[in-house]
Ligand SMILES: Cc1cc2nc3c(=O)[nH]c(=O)nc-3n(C[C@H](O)[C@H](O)[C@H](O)COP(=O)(O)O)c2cc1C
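A lone chain, given as structure tokens: the form predicted on its own.
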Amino acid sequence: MTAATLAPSCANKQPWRFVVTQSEDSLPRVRARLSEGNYWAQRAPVIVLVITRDDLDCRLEDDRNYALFDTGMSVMAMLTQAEAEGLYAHPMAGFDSAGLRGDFAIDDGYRLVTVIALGYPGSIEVLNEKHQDAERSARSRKPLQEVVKFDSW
């Protein structure tokens, strides 16, 4: 988590907030709110809720609100550090946001940006066939999208 707190942010405002769940009380509440596709995260010993609010960061008059951008950089720093320490850190979008907000008394002004499963790699055998194939295959990314060029460049 130290790497996440050291991430850059606009005017060093650090708009990210983390709700770290690892107890026998909190983990089942998070696990119950994950989508079916995130079944594999049921085994994670730590799950982090990432939240922010626009007013915690720079908000410029031309509608540039930095809270989400800066929170994303913080999450990326956390993921990179976890990988360096031999952990898996996997952000997810598949969760019941309203349910988690209620379960953890997250104020209405906050956005629940992502949920991150964190732990050591487990056995591939607990994954379904689709996910086993994905784990065994080479990682790939879509090609870079077209870059818009302006005449003045």
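As the structure is a prediction and not an experimental result, all values here were calculated from the model. One-based numbering along the sequence shown.
Absent from the display: the form predicted together with this ligand. The rest refers to it.
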property: Of His90, Arg111, Arg101, Arg29, the one that lies within 4.5 Å of this ligand in the predicted bound form (heavy atoms); result: His90
property: is_contact(Gly94, this ligand) in the predicted bound form, heavy atom dist at most 4.5 Å; result: yes
property: 4.5 Å heavy atom contact, Arg139 and this ligand in the predicted bound form; result: yes
property: Partner contact for Asn38 in the predicted bound form: this ligand, 4.5 angstroms, heavy atom; result: yes
property: Stretch in contact in the predicted bound form with this ligand, which is absent here, among 103 to 111, 38 to 46, 117 to 125, 54 to 62 (heavy atoms within 4.5 Å); result: 38 to 46
